[in-house]
Every structure is written in structure tokens, then in C-alpha cells.
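First, one chain by itself: the form predicted alone, in C-alpha cells.
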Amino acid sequence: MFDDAPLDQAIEGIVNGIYFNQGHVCCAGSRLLVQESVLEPVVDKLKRRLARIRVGDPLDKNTDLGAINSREQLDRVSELVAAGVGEGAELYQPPCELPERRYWFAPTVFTGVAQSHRVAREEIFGPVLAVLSFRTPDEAVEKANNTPYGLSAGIWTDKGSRILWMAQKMRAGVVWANTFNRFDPASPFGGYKESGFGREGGLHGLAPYLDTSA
């Protein structure tokens, strides 16, 4: 997220990218890189937005954040969040009343995250966002690619040329511009590194099923 991005629009996209479906999404935006010049206002806006997230029954259309899918996954999320605190990242969770039955975890954001922290390196698969900062586009690319995964990424900026430059540099199967989690069945989808190989969707997804030898 660059300093010329539309901040309010970006915050909504960021919230949707990580807290949608409790973060149980293969391409959840679990790491947020923010340019240093706007880091403070972005974090402030993000915290205020988290305070308005409604946690509760996933069958209720007014619910924003439902339950974790199992005790095992809740334990993993809790363990990684505890590791983030232990490694020195700053934890924020908005005041919210969690249901007593089943498995729940409050929407969480970490600031002061270093690339060496587990919350920045491991796939949490829960409603947890790790915020890092950068100064230059080159540093943003370096930090974004410094992960064993490479399924999806998003770029928030007002400059089209920067979007194209970043998209060419980033090792992610899909790169969104000023949006997140938008899919087109006519476009190929797949990952790099430990996010798998091959493509679904579009002509690239059909190719493995075709016999072109005849």
C-alpha cells in the first residue's frame, strides 16, 4: 500500500482480504506492507474499522466474522498469535464479545512486525493481519517476495505505471490492483513456490485436458 493510495478504499479492501471467511481463504491477504509515510494513519484507520466488525453467527446476514472451523485450527491460530507477542510485535484486538459455544477468535492486527517473525512467515489461516512497513518500491517488492508462498498479492496505488512495474516483479500467481479477491473464470489462477503449480481457469486451465497430438 503506497502513500498515494485512496486510504479509505484500501482499508475496506484490506479488511475484506484477510477477515473474509475468518481468514480461511487460500489467498487471504495476511501480510500488509505499508509505505512509511502513511503507516500511522493507515494503522489508525484499520483499528477503527476493526472495531466495527460484527462477530457472531455465520448464518446471520449481518455477521462479518464467523467461527473458526475446528478446535485444531483455533489452537494453531492462538499459538501463532502468542508467538507474535513473544517475538515483540504489538497486538491489537478490538473490544468484542465472543460467543461462548464453539470456536472463535477476535479480529487481530499486529504492528511492529519484522520479516523474521513467525506471523510474517507462516500461513496462519485465521483472522490475523501482520503489518510491515517499507520506504521504496524496490523494498516493497523484496519484502513481498520474501515468503515461501506465492499465490496472490494486491497493490494499492494511484499510479498505473507503478502497478504494472510491481506486477512484473512480484512472484505471485495473481496480482490485484486496488482491489482484492476478485476473480474472472476467463483468467488463469495458480501459484508460485509452495503455493503449488499449474493453473486453473482460462485457456491455461483447459490446456492440460487437451490432446493436441492428433
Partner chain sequence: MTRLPVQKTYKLYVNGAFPRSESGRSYEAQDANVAWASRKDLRDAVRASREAATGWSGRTAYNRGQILYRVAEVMEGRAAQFRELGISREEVDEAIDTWVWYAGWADKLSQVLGAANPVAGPYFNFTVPEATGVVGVIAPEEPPLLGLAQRLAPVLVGGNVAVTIAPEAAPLAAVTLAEVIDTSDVPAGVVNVLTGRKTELGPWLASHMDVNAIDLAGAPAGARPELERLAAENLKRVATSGEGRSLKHASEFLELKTVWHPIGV
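Everything numeric in this text was worked out from a predicted model, so none of it was measured. Numbering follows the first chain given and starts at 1.
Separately, the form predicted together with its partner chain exists; it is not shown, and the next lines address it.
Interface residue among I53, L39, A177, A67 relative to its partner chain in the predicted bound form, by the heavy atom within 4.5 Å criterion: A177. Contact annotation: of the candidates L46, A172, V34, C27, the single residue with a non-hydrogen atom within 4.5 angstroms of its partner chain in the predicted bound form is A172. At the 4.5 Å threshold, heavy atoms of D184 reach its partner chain in the predicted bound form.
For the chain shown alone, Q168 is a contact residue for its partner chain in the predicted bound form, at least one non-hydrogen atom being within 4.5 angstroms. Its partner chain is not shown here, but in the predicted bound form it comes within 4.5 Å of a heavy atom of Y192. Contact annotation for the candidate site: I163, P188 and H204 all lie close to its partner chain in the predicted bound form (heavy atom within 4.5 Å).
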